[in-house]
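This document opens with one chain alone, in structure tokens, the form predicted on its own.
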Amino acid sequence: MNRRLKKSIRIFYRFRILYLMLLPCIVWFIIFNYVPMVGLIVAFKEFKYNMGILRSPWVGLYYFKEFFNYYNTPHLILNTFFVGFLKIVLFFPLPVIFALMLNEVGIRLFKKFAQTISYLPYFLSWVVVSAFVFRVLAPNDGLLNQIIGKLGGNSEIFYMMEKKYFYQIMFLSYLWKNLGWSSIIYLAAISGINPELYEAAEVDGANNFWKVIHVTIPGIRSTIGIIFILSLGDILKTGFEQNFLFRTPGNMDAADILDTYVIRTGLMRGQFGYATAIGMLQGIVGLIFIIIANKLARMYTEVSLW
């Protein structure tokens, strides 16, 4: 047994409890992320129920060609990229800022209250959130329109039927639902910063603002970088639930993205091979984004996944 293997065994034994705690996560990823990859073979086959996946005839790249020849493909891709930009790039710094703000709250009771209130929306399903949004934005008797009516404005606007309001509504509801939950990991990273660094900054005459700039942010920079790199992998997989539930005949042109299109073609129309091909393309593009972002981060910063 060589020295490196002996060292690895010693490290594994030393942190055996932590590895044991990690085991359920590993099992979950294997079952729900790696095992389903076998199903990608459907993207290259004409799936037939009576023949199963393995015995169904091969069609090669037929479904990929069909997707790229579809007249609405450029619109779906652009829509998906824009929604991904809103949910990943534009949303990304907000949980960081929120975590920094919470960390500066001196009243412990208020801090716990603010954390609890911000976390709660995350545990609501998008079905509940969409019903809430539709009710608040309903024409005439919706909360927003009632306020506008009291102020002398037009209270008959059905915001969910207007394409021009869709992205604002989508982003604000996503922000409300996920802001608090997404800030948890940054709060955990902040709590791991050595308190002596803050004491040294105080000795140097730094106030709270400069302590955040020179101690807190550098202390969580690696966490921010890694999470951002990983999040870019979902640039084309922004989740179908919100867009699917927020779609109406009026805003469908803005709400339709690749995820909703995959659900319609795969589950509703039974075109499993076609839908699998689109999902495979989404994963490939996400992987390319992660590789490029990781390479750039490694070139210009000390943060990288590998």
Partner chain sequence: MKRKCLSIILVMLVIVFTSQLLWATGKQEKKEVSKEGHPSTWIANRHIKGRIFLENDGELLPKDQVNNPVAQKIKEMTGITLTWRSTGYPNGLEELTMALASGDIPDVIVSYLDHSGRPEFPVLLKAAREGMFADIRPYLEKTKILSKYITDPNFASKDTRENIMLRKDFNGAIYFVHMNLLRSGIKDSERIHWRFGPWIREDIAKALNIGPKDIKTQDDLYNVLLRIKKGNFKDANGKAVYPLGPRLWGGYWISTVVRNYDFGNGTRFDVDSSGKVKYLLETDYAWKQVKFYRKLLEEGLIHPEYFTMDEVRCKENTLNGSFGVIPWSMARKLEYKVYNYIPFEMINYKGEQVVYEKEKPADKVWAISAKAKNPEEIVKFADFLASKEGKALWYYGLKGVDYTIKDGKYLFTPKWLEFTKTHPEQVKDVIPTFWGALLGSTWLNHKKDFGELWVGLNSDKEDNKLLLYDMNYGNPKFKYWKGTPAPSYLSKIPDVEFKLKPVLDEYRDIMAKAVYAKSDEEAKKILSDYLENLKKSGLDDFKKLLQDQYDKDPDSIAFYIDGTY
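Numbering follows the first chain given and starts at 1. Since the structure is predicted, the reported quantities are computational estimates derived from the model, not experimental observations.
One more form of this protein should be noted, the form predicted in complex with the partner chain, which is absent from this view; the next part is about it.
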- Would residue 150 show up as a contact with the partner chain in the predicted complex if we use heavy atoms at 4.5 Å? no
- Message: I'd like to know whether residue 247 contacts the partner chain in the predicted complex, with contact meaning heavy atoms within 4.5 angstroms.
- Response: yes
- Going by a heavy atom distance of 4.5 Å, is residue 49 a contact of the partner chain in the predicted complex? yes
- Item | the partner chain contact at residue 120 in the predicted complex, heavy atom, 4.5 Å | no
- Note on the structure: Of the candidate stretches 107 to 115, 205 to 213, 88 to 96, 134 to 142, the one with residues having heavy atoms within 4.5 Å of the partner chain in the predicted complex is 134 to 142
- Task: Between 143 to 160 and the partner chain in the predicted complex, list the residues on our side with a heavy atom within 4.5 Å.
- Result: 158
